[in-house]
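Coming up is one lone chain in structure tokens, specifically the form predicted alone.
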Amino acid sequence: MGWKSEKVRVNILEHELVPRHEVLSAEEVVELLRRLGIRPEQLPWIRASDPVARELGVKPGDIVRIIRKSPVAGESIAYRFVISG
């Protein structure tokens, strides 16, 4: 008798190496873009097909906040503009 292979579903958002991801609300997007003085497409991109983006259910045009733990700053915040693909 051998080991049976079964599909195991893992929530990648709960993995210790994956930083916290949050989808910004419309109000947060307006404030962020105003504060930075940029257009959304000027932010770094993340594809909608990225495993974390798929898990979050984001769509092209959304903006995602990524919060990473930082030994120097405590936490580091980055933003990504979701593109198709």
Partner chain sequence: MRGEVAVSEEKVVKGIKFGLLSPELIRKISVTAIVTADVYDEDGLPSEGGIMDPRLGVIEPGQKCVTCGNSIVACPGHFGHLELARPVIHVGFVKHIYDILRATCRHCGRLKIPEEELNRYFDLLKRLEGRWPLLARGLTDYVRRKAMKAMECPHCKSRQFKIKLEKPTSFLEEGPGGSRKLWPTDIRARLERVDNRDLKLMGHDPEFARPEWMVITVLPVPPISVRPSILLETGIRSEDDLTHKLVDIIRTNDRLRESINAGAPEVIIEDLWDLFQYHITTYFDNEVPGVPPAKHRSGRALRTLAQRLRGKEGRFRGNLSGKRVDFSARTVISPDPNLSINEVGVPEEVAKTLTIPERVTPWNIDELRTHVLNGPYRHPGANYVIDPSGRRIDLRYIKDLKAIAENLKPGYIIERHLKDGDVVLFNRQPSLHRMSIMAHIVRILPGRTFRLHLAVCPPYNADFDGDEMNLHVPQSDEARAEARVLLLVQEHILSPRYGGPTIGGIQDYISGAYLLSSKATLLTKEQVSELLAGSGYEGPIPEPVVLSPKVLWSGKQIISLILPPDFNFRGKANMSAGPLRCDDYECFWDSYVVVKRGKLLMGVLDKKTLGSQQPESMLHWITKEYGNSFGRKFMDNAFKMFLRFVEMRGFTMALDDVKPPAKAVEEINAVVEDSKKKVAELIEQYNEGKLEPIPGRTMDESLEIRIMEVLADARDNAGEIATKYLDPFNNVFIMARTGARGNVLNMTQMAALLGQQSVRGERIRRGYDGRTLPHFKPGDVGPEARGFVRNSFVGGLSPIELFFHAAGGREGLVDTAVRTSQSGYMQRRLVNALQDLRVDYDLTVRTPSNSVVQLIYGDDGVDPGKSSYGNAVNIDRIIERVVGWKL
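Residue numbers count along the first chain shown, from 1. Since the structure is predicted, the reported quantities are computational estimates derived from the model, not experimental observations.
One more form of this protein, predicted together with its partner chain, exists but is not displayed; see below.
With a 4.5 Å cutoff on heavy atoms, L36 counts as touching its partner chain in the predicted bound form. In the predicted bound form, its partner chain sits within 4.5 Å of a heavy atom of V72. Shown alone here, E41 lies within 4.5 Å of its partner chain in the predicted bound form, counting heavy atoms only. In the predicted bound form, its partner chain lies within 4.5 Å of some heavy atom of I77.
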